[in-house]
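Taking the form predicted alone, here's one chain by itself in structure tokens.
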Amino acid sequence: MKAAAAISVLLLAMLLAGCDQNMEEQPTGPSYSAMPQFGGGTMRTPPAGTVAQDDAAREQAIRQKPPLTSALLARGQERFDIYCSPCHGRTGQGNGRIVQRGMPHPTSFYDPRLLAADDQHFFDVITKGYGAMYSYAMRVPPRDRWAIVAYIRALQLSRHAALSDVPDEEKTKLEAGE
């Protein structure tokens, strides 16, 4: 009787050991490659018309430029100082810290070509990169990219501003030395 119990325990242990090995060593393959074991590919293609989570909101943020507000400009300045100023400098002239250490000079934002460029050009460069600049699409969300574009425009305007551009109530503060 003891021998029969010992044999059944041994058989059970062998069966369990076999299952464990199968679970640890499963067949795998490159993504979307053919796997005959599964009757198709290793990954399923999504159904037609499927939209990934947050894709619709992200796409809307990319296409729709937010209204220009002081909060947007403040956010743009903050993001510009973090992501753009190491190369472009805090004034946008292309003389940031990285450039001072040997990297190539980016074009100044005051270059006539960039003064004439539309806002979408700056947004696309931030998104896709250009020349030595790599893409910031994964680092900077679309709304912040638009904020940076607004701040770049403010920098460009400040360089070519005249006293006649200043509102009257602000002129009096300037003349009073406030």
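The first residue of the shown sequence is 1; numbering continues from there. Treat the numbers as computed from the prediction; the structure is a model and nothing was measured.
A second form of this protein, the form predicted together with heme C, is not displayed here; the remarks below concern that form.
Heme C in the model of the complex comes within 4.5 Å of a heavy atom belonging to residue 126. Though the partner is left out of this view, residue 150 does not reach within 4.5 Å of heme C in the model of the complex, counting heavy atoms only. Using a 4.5 Å cutoff between non-hydrogen atoms, residue 56 does not count as a contact of heme C in the model of the complex. Within 4.5 Å of some heavy atom of heme C in the model of the complex lies at least one heavy atom of residue 113. Residues are counted as partner-facing when one of their heavy atoms sits within 4.5 Å of heme C in the model of the complex; in 81-97 these are 83, 84, 87, 88, in sequence order.
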